[in-house]
Ligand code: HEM
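Before any questions on binding or motion, here is one chain by itself as structure tokens, the form predicted on its own.
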Amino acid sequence: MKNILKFIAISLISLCGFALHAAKPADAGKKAAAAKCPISGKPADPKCSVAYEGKTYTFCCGDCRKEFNEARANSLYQKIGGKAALSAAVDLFYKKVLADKLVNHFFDDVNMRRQHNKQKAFLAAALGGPEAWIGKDMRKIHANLKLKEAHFNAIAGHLLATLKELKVKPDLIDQVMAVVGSTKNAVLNRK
């Protein structure tokens, strides 16, 4: 569990410099030729769509729509409660982080409103949400931060406390931490 906590902490620190560009879903009013199926990449049929978390996604066929719906239902993102739960978790997490003198200085010059949004977009994508993302190289972003294990452990503790406070099931907490924690070596500039 300690290793998982370490992984997650560094991953969360890593996001302070991320530039995320979420793929925008097709709006119902756009022409079919302009929209692409998020599953196949083929032109989407506006008659073959689904609404999910306030956005409309269009697909080329019923099979792709079915695959999308199954992926949503089976995703860790959905199992933890989707957009609303992730939003609450990130907001509570940053309250804890910003109150911690060991790590809050990493966020001194960070626009926290943007940071919250970046974190939510990153975690949603990492946990199987519907939106794609592209981020900058984490090694470059964190090269000058001089992050240490103590920073990692502090962040991990805040994340764990947040997830427990929000009554996330222990097996889901472990899964979340494992997914996000996979960036530890890149963030710490280790091989």
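Note that the structure is predicted; figures quoted are calculated from it, not measured. Numbers follow the displayed sequence, beginning with 1.
Missing here is the form predicted together with the named molecule; even so, the following discussion is about that form.
Heavy atom within 4.5 Å of the named molecule in the predicted bound form - the one residue of 72, 83, 118, 96 that qualifies: Flagged contact: 118.
Position in contact with the named molecule when the complex is considered in the predicted bound form, options 138, 160, 127, 60, heavy atoms within 4.5 Å: So the residue touching the named molecule in the predicted bound form, by this definition, is 138.
Contact flag, residue 103 vs the named molecule in the predicted bound form, heavy atom cut 4.5 Å: So residue 103 counts as contacting the named molecule.
Residue 36 within 4.5 Å of the named molecule in the predicted bound form, heavy atoms: Judged by the heavy-atom cut-off of 4.5 Å, residue 36 is well away from the named molecule in the predicted bound form.
Contact label in the predicted bound form: residue 147 to the named molecule, heavy atom within 4.5 Å: Heavy-atom contact with the named molecule at 4.5 Å: present for residue 147.
Contact flag, residue 176 vs the named molecule in the predicted bound form, heavy atom cut 4.5 Å: No, no contact at 4.5 Å.
Non-hydrogen atom within 4.5 angstroms of the named molecule in the predicted bound form for each of 50, 55 and 79: No residue of the spot touches the named molecule in the predicted bound form.
Within 4.5 Å of the named molecule in the predicted bound form: residues from 143 to 162 (heavy atom criterion): 145, 147, 151, 152, 155 sit within 4.5 Å of the partner.
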